[in-house]
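Just the one chain here, the form predicted alone, laid out as structure tokens.
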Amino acid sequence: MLLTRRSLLLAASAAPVAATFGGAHAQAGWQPTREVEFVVPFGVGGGADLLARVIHKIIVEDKLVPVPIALNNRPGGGGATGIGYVSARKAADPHTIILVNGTTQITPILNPAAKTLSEVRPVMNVMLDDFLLFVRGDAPWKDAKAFVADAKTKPPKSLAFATGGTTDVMAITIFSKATGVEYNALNFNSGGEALTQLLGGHVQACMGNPLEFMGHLQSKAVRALGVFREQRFTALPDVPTMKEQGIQTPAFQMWRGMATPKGTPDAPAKYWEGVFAKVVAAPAFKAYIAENIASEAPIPGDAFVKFLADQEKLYRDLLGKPA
């Protein structure tokens, strides 16, 4: 079954978020003994929320834990509001899991007062996805080269982007540096809100990942003008890379993973690592990855921590913000 934004949100509204399981799989050592709170520090309808609902659905249907799991969206501040809630009220609590992504890493680079990844224990990355430049389906630009050429005939910030997080802002920053054009970035709480602004004609463009735009791309409500990767997508052969169009942007992807609160002991962290490994191996997750043109990327435990350190250096280099 195609796991689209609509089907996931309808499923969420048709049944209680929390479900109790009998005879759930138990791992050796620690396991949860009461309801687990799944904190999503982003709004409903964006890419982070969609992934969280896929992970929640698989955990529930495959009975991967012996207790209820309750989703809790706490958007705001590029992930800082939701993770601030975890830090204040769920410190070291192994019965809390948190969705984290590139936005939660870039937010404190852009705003050092914000606390995000420093307040969690990374457990496992699950996927990577690429960034594309999207416009409405009836927009006059047929590719990114034409979009940039038009922008250069106008005053700075004449063309506006809706963003769903600081990772989108970074994609716009990279695009701006590569094209020599200053764009107007208007910030919203999620990719879903940013997409609504684009569809409503309130902005001219969005930077986003395929999973947030696939349904509208297939219906031609939006058009992809270029992708930040070295080769075209096999599934989207008509979308050229930025470099093909003479726009020298580096390859730039969104990582998406899972964490527990800072201070979570090793045994619970290892337990959740095992649960998320089973999620990534599930046929429903593999179908979600394929249908949304993403890359499966399970990176567990210490390897995930090292990956994040490397990403931090990459982001700071791209933004010109040394540590």
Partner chain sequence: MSVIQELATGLAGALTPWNMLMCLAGVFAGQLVGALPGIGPSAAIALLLPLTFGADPTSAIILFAGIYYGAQYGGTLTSVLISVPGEPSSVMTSIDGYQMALQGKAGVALGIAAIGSFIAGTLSTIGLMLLAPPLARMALAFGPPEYFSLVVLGLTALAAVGGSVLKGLAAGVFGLLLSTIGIDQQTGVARFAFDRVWLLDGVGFIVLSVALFGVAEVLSSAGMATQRPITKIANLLPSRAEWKQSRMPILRGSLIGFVVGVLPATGATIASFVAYITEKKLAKDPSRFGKGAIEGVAGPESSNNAAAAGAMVPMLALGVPGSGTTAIILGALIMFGIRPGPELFDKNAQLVWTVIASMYIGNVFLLVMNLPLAGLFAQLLRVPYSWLYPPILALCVAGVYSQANSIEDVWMLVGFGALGWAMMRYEWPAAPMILGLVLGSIFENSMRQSMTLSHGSLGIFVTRPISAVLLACALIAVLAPAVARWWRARAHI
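Numbering follows the first chain given and starts at 1. Just so we're clear, the structure is a prediction, and the values are computed from it rather than from any experiment.
Just so it is clear, the following notes concern the form predicted together with the partner chain, a form of the same protein that is not shown.
- Of the candidates 139, 149, 160, 91, 160 is the one whose heavy atoms come within 4.5 Å of the partner chain in the model of the complex; the others do not.
- The contact with the partner chain in the model of the complex, taken as any heavy atom within 4.5 Å, belongs to 185 out of 236, 128, 251, 185.
- Though the partner is left out of this view, residue 291 does reach within 4.5 Å of the partner chain in the model of the complex, counting heavy atoms only.
- When the partner chain is considered in the model of the complex, residue 44 lines it closely, a heavy atom lying within 4.5 Å.
- In the model of the complex, at least one heavy atom of residue 53 sits within 4.5 Å of the partner chain.
- At the 4.5 Å threshold, heavy atoms of residue 219 reach the partner chain in the model of the complex.
- Stretch-level contact check against the partner chain in the model of the complex with heavy atoms at 4.5 Å: of 71 to 79, 91 to 99, 226 to 234, 117 to 125, the positive one is 71 to 79.
- Along 100 to 124, these residues reach a heavy atom to within 4.5 Å of the partner chain in the model of the complex: 110, 111, 113, 114.
- Whereas the shown form places them at one spacing, the Cα atoms of residue 188 and residue 318 lie at least 3 Å closer in the model of the complex.
- A shift of at least 3 angstroms brings the Cα atoms of residue 184 and residue 318 nearer to each other in the model of the complex than in the displayed structure.
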